[in-house]
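Just one chain is shown here, as structure tokens, and it is the form predicted alone.
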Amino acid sequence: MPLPKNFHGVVPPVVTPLTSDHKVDYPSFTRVLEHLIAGGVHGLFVLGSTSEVIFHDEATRRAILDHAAKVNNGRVPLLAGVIDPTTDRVIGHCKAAKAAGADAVVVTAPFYTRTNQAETVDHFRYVKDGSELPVVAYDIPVCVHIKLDRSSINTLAREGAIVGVKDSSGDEGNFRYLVSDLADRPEIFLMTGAELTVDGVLLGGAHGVVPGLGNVDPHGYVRLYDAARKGDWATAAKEQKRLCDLFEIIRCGAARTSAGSTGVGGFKTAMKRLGIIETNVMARPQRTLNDEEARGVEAVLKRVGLV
């Protein structure tokens, strides 16, 4: 299914389950994809941060994309993360994504390299010119250590270098300005990566959400989104409150693990408990949640009614 012109909705960044020896667990991966599609999501974002993309080599990334495309079989748009430090390496991933059957690519600013805002804009231009797929800008300064400025996003959108933005910057004020700035360009979609404020961001004009927590409960985010589309903000707020309560799973490993480990690790641990994946193993050197932390995750799942 090609990326629609006015793309919108719930597009989870898909968890990549691993075996106990740190290989991709493809039977579990199939279950994850089917779980999300059955949950009513509007697209799949494979090889994002929640997918632990940066831990996978080029051959593994290609295998993950090939598998996702085969299982999805065109049912929803497939977005591929092409995340790497430098422009030409990203373009190489774009070509692989096209060959695998992705419908769009998701691109961050360069990282490790110490580029400025002008060079970052050029990076997106080069990627657009080198890719046969639509380019989505991924604003995640916590990982790449540079924020995509409001002016940079406006420039790229109006030039046609990008078709949308996934905003994981945490700067919701700036995101609201972008919604206003690009109100005359409805073909540019703006999606938040902030799981906890989706109702408010949708009320402010966002086109959708890319929720890591959606791997655990896609139905909840779809219910929230559908309520918002109907203008039923009371129902949207009620669902958001329940999802905020569920989000507490990311704190269960916080005393012993990094922010990334306890976040994705919490999702994986919940998905294991729900029978979606076989293990909650994290890519090394990230720490996997232990049994005590897993019991904390299960307690949260019980409180919100998922088990």
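Keep in mind it's a predicted model, so treat the numbers as computed, not measured. Note that residue numbering begins at 1 and tracks the sequence as displayed.
This protein has a second form, the form predicted together with a further copy of the same chain, left out of what is shown; the following refers to that one.
Novice: Considering Cys244, Ile37, Ile276, Ala63, which brings a non-hydrogen atom within 4.5 Å of a further copy of the same chain in the model of the complex?
Specialist: That would be Cys244.
Novice: Note which of Lys98, Arg158, His219, Arg89 lies within 4.5 Å of a further copy of the same chain in the model of the complex, where distance is taken over heavy atoms; exactly one does.
Specialist: For this set of options, the contacting one is Arg89.
Novice: Although the partner isn't part of this model, could you tell me whether Arg75 comes within 4.5 Å of a further copy of the same chain in the model of the complex, counting any heavy atom of the residue?
Specialist: No, Arg75 is distant from the partner.
Novice: So in the model of the complex, does any heavy atom of Leu196 sit within 4.5 Å of a further copy of the same chain?
Specialist: Yes, Leu196 is a contact residue.
Novice: Is Arg229 one of the residues lying within 4.5 Å of a further copy of the same chain in the model of the complex, judged by heavy atom distances?
Specialist: Because no heavy atom of Arg229 falls inside 4.5 Å of a further copy of the same chain in the model of the complex, the answer is no.
Novice: Is it the case that Gln286, even though its partner is missing from this view, gets within 4.5 Å of a further copy of the same chain in the model of the complex, heavy atoms only?
Specialist: Although a further copy of the same chain is absent here, Gln286 would touch it in the model of the complex, with heavy atoms inside 4.5 Å.
Novice: To test your reading of this chain, name the stretch in 24-32, 254-262, 64-72, 268-276 whose heavy atoms come within 4.5 Å of a further copy of the same chain in the model of the complex.
Specialist: Contact criterion met by 254-262 only.
Novice: Would you mind checking 48-84 for residues with a heavy atom within 4.5 Å of a further copy of the same chain in the model of the complex?
Specialist: Result: Ser49, Ile54, Phe55, His56, Asp57, Glu58, Arg61, Ile83, Asp84.
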